[in-house]
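Shown next as structure tokens: one chain only, the form predicted alone.
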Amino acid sequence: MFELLQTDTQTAARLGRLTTPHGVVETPVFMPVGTQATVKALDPRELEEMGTQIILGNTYHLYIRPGLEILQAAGGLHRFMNWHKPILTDSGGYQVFSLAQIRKIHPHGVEFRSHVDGARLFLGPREAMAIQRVLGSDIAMVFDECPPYDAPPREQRLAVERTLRWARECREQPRAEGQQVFGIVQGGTNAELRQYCARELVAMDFDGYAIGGVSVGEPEPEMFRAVDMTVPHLPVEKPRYAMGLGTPAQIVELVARGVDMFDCVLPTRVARNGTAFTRRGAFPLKGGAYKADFRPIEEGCDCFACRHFTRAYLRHLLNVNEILGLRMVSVHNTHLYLKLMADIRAAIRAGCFEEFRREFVAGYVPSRRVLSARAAAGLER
């Protein structure tokens, strides 16, 4: 299911090929987030044209709306949303974290108050796997507990024990035909807990492994530290997935640490607020400085938005609340992430990834606006 094709000689970066029932995914890969059966503001044709290989859906949100009855009648998530390439579904475990005010943790799962209407519902490992079986995703994630990064040590340990107990239960559940299941390593910034959680999950022999408990409000150095604590304890022959990450520069750094798969809401989230990514950082396109700027969002970019529209025009659309504006910035931002991954794969293949990494990171200026959006991702993820 996963074939390791090449490892960089100067870093831990890897080229791989992940085979699923709906197609082959070349790694490292970025997965646009389609939480509620759509990548916000983009349609499947646009996603395919910009080279999207796989997208992400969310078990919790799809369970609430449109509900399992509709998804089952539609023939699964692929048919429902007319997306014929691979899909990975998050288990809903992240909502244990993001919905902390309206949930209660029990030994066999989590009792929720729906964020939509307050209705009481229960989600645990059995329920999460049953929902993902109906969805028919190519990759299903185990149900886990993601505590805040600064949770006390006792809380972190309890979360790891629950995560492992729930992972064993998920492992025993029936799955859709050809569906792979990934385990999720928790443990916050505690090296001992990370190692313990990874070791126990590897012993369960999942199809791949995710690094959880990152992008939950922690400072960037702590995020890198959590990944550094985890990757050495994951099997070389299985795919590695950093959940909910990150900015372009963070992704480049994490590829160098041996991570293969990424998802993040940032490209479309910040686009809806008028922020555009470039390979040198992000900028607020609504600003007055771009009122008469007739350049594309980024010189040299071949996305549809940059080929057809100027900064001045897109700024105008954003400031008068025209939908085309946020759609085109979403197109550009998502295209940039996907093109970055293609360039990363090419650099690894050519044996020059470390040079690519140094140049990219040195030229990228982080944006406080973007980092704030990452920390506030919440329900959308």
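Everything quoted here is computed from the prediction, not taken from an experiment. Residue indices: 1-based, along the sequence shown.
Here the subject shifts to the form predicted in complex with another copy of the chain, a form of this protein not shown in this document.
**Q** Select, from the options 336-344, 321-329, 351-359, 23-31, the stretch whose residues sit within 4.5 angstroms of another copy of the chain in the predicted complex by heavy atom distance.
**A** Flagged stretch: 321-329.
**Q** Report yes if any heavy atom of residue 51 sits within 4.5 Å of a heavy atom of another copy of the chain in the predicted complex; otherwise report no.
**A** No.
**Q** Is residue 291 close enough to touch another copy of the chain in the predicted complex, meaning at least one heavy atom pair within 4.5 Å?
**A** Residue 291 belongs to the contact set for another copy of the chain.
**Q** For residue 203, is any heavy atom within 4.5 Å of another copy of the chain in the predicted complex, or not?
**A** No, no contact at 4.5 Å.
**Q** Could you confirm whether residue 102 comes within 4.5 Å of another copy of the chain in the predicted complex, counting heavy atoms only?
**A** Contact check for residue 102: no, nothing within 4.5 Å of another copy of the chain in the predicted complex.
**Q** Given that another copy of the chain is left out here, which of 130, 151, 191, 74 has a heavy atom within 4.5 Å of it in the predicted complex?
**A** Going through each option in turn, the one that passes is 74.
**Q** Residues 70, 80 and 317 are flagged as a possible site; in the predicted complex, is every one of them within 4.5 Å of another copy of the chain by some non-hydrogen atom?
**A** Yes.
**Q** May I ask you to list the residues of 1-23 that have any heavy atom within 4.5 angstroms of another copy of the chain in the predicted complex, in sequence order?
**A** Heavy-atom contacts within 4.5 Å come from no residue here.
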